[in-house]
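Let's start with one chain on its own, the form predicted alone, as structure tokens.
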Amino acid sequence: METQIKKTVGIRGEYDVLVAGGGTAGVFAAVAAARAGARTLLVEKNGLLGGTMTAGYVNFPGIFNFWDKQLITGPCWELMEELAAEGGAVLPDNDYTKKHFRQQIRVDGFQLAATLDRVCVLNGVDILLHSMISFAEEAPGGGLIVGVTGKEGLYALRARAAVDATGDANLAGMLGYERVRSKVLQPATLENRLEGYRIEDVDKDEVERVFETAIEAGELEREVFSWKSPYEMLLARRVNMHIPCPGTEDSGSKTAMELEGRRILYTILKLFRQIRGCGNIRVKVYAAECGIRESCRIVGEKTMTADKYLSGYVYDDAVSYCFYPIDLHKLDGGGVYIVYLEKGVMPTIPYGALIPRGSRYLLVAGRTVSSDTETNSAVRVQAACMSMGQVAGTAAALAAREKTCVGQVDYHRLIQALEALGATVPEKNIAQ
């Protein structure tokens, strides 16, 4: 039986744009909004910005370059260049005879987190860490009232427009916009690095025997290794696990997944220590939270589909590019299902995919944009999320300034604002 508790929540402040989530998409949504002249607040649940790149230890964003062109630019690329100049990043060589993941940028996690702080502050973004969105509703007269829970308790803020970059479309869900899921979600991974052994001292057959015995005894599920074998993990000095993902829209499900990730890593570590040459193996570093590949998605004004993605279709409201293969991780022993883009194909992302159907004041950026399962496995990657964040932040600032709904932002004015930001927008003269 539910108990109703009435509590008056005061409105503490007002912003033009509120960005929920300070991860890969959210940081650049906030920077873009602030550069467009909006008073901007960035709300983040963790104690640092960067999301999967920092707290998730997936510190290899990509891909910014498409074949022989660079088509993701703007504040996100400026930051990568700044990091590289300071020794905190290694830029790719753009050699596309190599595997696609070889074109990702290797970044130093600490330098990235510190640089994100500095970039946000320099651009006038107000940052609120250790805080989560608690409720949201449309405000009388336009805009949104958004509840925030901080260490000091619950309070509310008013915003003319908002960007949901939570990675789980939490703000969209609170406002009642439809969200959908794939029948089976892609597994998650708890990133880590191993040390304390020499691979030359390890016998591959012994590794296989130890782990096969553990699987048969029920200590570990075979699906954990659908991506890499235990010996391959030793070679990579990284446990590439697959963790079943029950969904991450609520704290209970996400808690269960975090517990499972650490259980799997600890169990694997103990099994490795039974193997000759691995007695001193240890986890050198591990992520503060699991890296999520897939959760829910919004139902947008437009939905990206795999046929259009793989053909390089240019939408009539295309606002950014994405360059990554279809990349579906599986738990059923299938490993990773990959469909590469054909030479010269440059997929686009439409503005309508960032707008929850029926939304007036909210945009979404990141992996929860409106897309089918296959397309989502490509557009969820970090460079694409950064680019979508820049679009959403710019559009939200325009909507706030003009006191209009996000779906009524003039496309040509949005393109002009993105170009002024330094972002590359898709060419519209390509024949469909």
Ligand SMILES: Cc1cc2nc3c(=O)[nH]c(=O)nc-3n(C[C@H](O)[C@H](O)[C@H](O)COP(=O)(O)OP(=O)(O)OC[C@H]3O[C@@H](n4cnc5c(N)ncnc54)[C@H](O)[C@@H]3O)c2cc1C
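Predicted model only: the values in this text are computed from it and were never measured. Note that residue numbering begins at 1 and tracks the sequence as displayed.
Just so you know, the form predicted in complex with the named molecule exists too; it's not on screen, but the next bit is about it.
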R293 within 4.5 Å of the named molecule in the predicted bound form, heavy atoms: yes
When the contact criterion is heavy atoms within 4.5 Å, does M132 count as touching the named molecule in the predicted bound form? yes
Applying a 4.5 Å heavy atom distance criterion, does T348 contact the named molecule in the predicted bound form? no
Partner contact for V163 in the predicted bound form: the named molecule, 4.5 angstroms, heavy atom: no
Pick from T373, T404, N46, N65: which has a non-hydrogen atom within 4.5 Å of the named molecule in the predicted bound form? N46
Going by heavy atoms within 4.5 Å, which of 393-401, 65-73, 379-387, 33-41 lines up against the named molecule in the predicted bound form? 379-387
Look at the candidate spot formed by T24, F60 and Y324 and say whether the named molecule comes within 4.5 Å of a heavy atom in all three of them in the predicted bound form. yes
Listed by sequence position, which residues of 172-207 have a non-hydrogen atom within 4.5 angstroms of the named molecule in the predicted bound form? T189, E191
